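Listed next as structure tokens is one chain, alone, in the form predicted alone.
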């Protein structure tokens, strides 16, 4: 019994790398006439873990400009944050970063 052992063929991965041009998603909080500014700050601090100063800064941006980007990243995480904000009765949406 002679011969040479056969080797298994080498497979090359066909996975495509993630495109580097993919833009992240961002959570945008929108102004509303119902919620008090203090409440909006507390919700932002609780959901995102912002310091009191950062939460107040974002709340003022919402109040003065009508909107503020409060988070940016993967779509799934953004959807979770939007749902949490809606659960706290804040107006929010998820959109592609520019």
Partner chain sequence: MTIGPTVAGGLKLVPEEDQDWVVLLEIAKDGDGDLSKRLAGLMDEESLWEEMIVPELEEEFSRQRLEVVTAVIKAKGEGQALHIDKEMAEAWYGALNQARLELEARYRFGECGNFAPDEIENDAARAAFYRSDFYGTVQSLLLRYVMVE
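Quantities reported herein were computed from a predicted structural model and do not represent experimental measurements. Positions refer to the first chain, counted from 1.
Absent from the display: the form predicted in complex with the partner chain. The rest refers to it.
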Classify residue 87 as contacting or not contacting the partner chain in the predicted bound form by the rule of any non-hydrogen atom within 4.5 angstroms, answering yes or no. yes
Just checking whether residue 22 would be counted as a contact of the partner chain in the predicted bound form - the rule being heavy atoms within 4.5 angstroms. no
Does any heavy atom of residue 32 come within 4.5 Å of a heavy atom of the partner chain in the predicted bound form? yes
Any chance residue 42 has a heavy atom within 4.5 Å of the partner chain in the predicted bound form? yes
Contacts with the partner chain in the predicted bound form - residues in 46-76 whose heavy atoms fall within 4.5 Å: 52, 75
